[in-house]
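Here you get one chain, nothing else, as structure tokens; it is the form predicted on its own.
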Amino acid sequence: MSTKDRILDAAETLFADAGYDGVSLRQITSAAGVELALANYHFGPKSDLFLAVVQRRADELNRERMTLLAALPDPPTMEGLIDAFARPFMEKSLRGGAGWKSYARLIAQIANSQRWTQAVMHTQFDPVAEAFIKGAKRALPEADPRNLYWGFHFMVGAMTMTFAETGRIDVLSRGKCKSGALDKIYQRMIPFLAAGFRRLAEA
């Protein structure tokens, strides 16, 4: 593994566990087993390393999402649109290993913080979001566009909470539901979200 990837992997895990402000560059380089100067050399300040951590997997995720969105029929169904947007993240979180698990927790933090709206969410994820909204306008042409944006907002909230596997549902349901059973959760989430979009379109 390259030095850059070792630093990125260590940073990803620590940021996911403790948040941006809870981690120092020294802690990251110590976990990666490299000198502090190497992190500065490859990435610069901590803020730039944080953005590099997000972008590394965002690029892969966005490519897959855009490919699936482009392959949908015209007009698409809401179920097809939501699946194209959500499935790549679900599959990677379920089967992609510990790095993707950490990334899911990190994205949940970012999505719930105004601090990163412009620097991360807008720059890394808005092109795919706009492609989704464009498809939703074709799927639900009668809908007020504002409601489609709200629907997307609600969908991302549900997705980030779910894929972060916080364990909240396990405790609330007293073990009847398992936050780690993403494939089974996914089967419920798609029709739930699609129904929400359609209900908003009728409003």
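Each residue number is its position in the shown sequence, starting from 1. All values derive from a computational prediction rather than experimental measurement.
Not on display, but discussed next: the form predicted together with the DNA.
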### Query
Which of 24-32, 134-142, 64-72, 168-176 has heavy atoms within 4.5 Å of the DNA in the predicted bound form?
24-32
#### Entry: Residue among N147, Q55, N40, T160 with a heavy atom within 4.5 Å of the DNA in the predicted bound form
N40
### Task
Scan 93-111 and write down, in order along the chain, each residue with a heavy atom lying within 4.5 Å of the DNA in the predicted bound form.
none
